[in-house]
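Before any questions on how it binds or moves, here is one chain, the form predicted alone, in structure tokens.
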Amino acid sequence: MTKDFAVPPVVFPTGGSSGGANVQQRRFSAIPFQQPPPQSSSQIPFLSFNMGSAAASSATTAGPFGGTIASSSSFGGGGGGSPSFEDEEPLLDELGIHPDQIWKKTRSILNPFRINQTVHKDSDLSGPIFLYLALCLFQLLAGKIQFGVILGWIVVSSIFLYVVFNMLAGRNGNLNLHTCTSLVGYCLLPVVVLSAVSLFVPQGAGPVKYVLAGVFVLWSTRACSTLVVSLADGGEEHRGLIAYACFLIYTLFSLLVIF
């Protein structure tokens, strides 16, 4: 048989009064509600600035690490941050195409006895591509579709002249393939003129075509050999052999025009 025992409550004396029966309760200090700090829109701490008020602020803003952060109003003259297109280069200059330089080089080939070598020191392929397309166009007007043939002969001719010159010049030769291709392409101008003139020559006038082809081939040969010898070192004593290689190159192109 179980017996119940009454357990008295625990009493803590407070304030020196031992007879008090009040039970001291534990109280927690109430912490006032604090709003969380505003979250920055940028995940990078040193770029936490308001983008909306940047236009109204000054050109520079002090950063948290002592530096300065440029506002959006300092770019583009303050007109909404849009860049100015007046300071940009033309599209042809960005692509490396200079029409004035191409015209100077083409005009220097027109007179085979007074060729300006200084304008050909900076080689380019824009002018040769233009002359290649012009030759293909005149051949197309003559009923000959020779785009691939002419392009292949230009590549082979450039490699041929490059190999021949460097073998003749030896260690002194400094003619690179890019310069060689540029010279072969620009000196193709007389052949382009021959192709345009041959459109107006009757079909039965074979000897006239041969004479015209010989004149234009000699024109191209003199121009190309003069430029190669003047722009590269070690070719002065081999001028005749270099001229012979150029003569073979432009004879092949003239055969495309005649036949």
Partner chain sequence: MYNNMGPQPGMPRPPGNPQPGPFGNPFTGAGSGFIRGGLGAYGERILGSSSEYVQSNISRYFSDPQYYFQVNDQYVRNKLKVVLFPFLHRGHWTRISEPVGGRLSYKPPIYDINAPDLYIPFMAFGTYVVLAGLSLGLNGKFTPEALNWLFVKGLVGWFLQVMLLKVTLLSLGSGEAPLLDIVAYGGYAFAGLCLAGFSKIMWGYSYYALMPWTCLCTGIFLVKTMKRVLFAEVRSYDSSKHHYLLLFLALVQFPLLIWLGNISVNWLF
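Quick caveat, the model's predicted, so the values are computed rather than measured. Positions refer to the first chain, counted from 1.
If you look for the form predicted together with its partner chain, you will not find it shown, but the lines that follow are about it.
Of the heavy atoms in L168, some are within 4.5 Å of its partner chain in the predicted complex. Interface membership of V164, defined by any non-hydrogen atom within 4.5 Å of its partner chain in the predicted complex, is confirmed. Its partner chain is not drawn, but in the predicted complex it has no heavy atom within 4.5 Å of L92. Contact check for W153: a non-hydrogen atom falls within 4.5 Å of its partner chain in the predicted complex. Residues placing heavy atoms within 4.5 Å of its partner chain in the predicted complex fall in a single listed stretch, namely 169-177, out of 169-177, 128-136, 92-100, 107-115.
Highlighted residues Q146, H238 and L252: every one comes within 4.5 Å of its partner chain in the predicted complex, counting any heavy atom. Residues from 243-259 that approach its partner chain in the predicted complex with a non-hydrogen atom closer than or equal to 4.5 Å are Y244, A245, L248, T251, L252, L255, L256, F259, in the order they occur in the chain.
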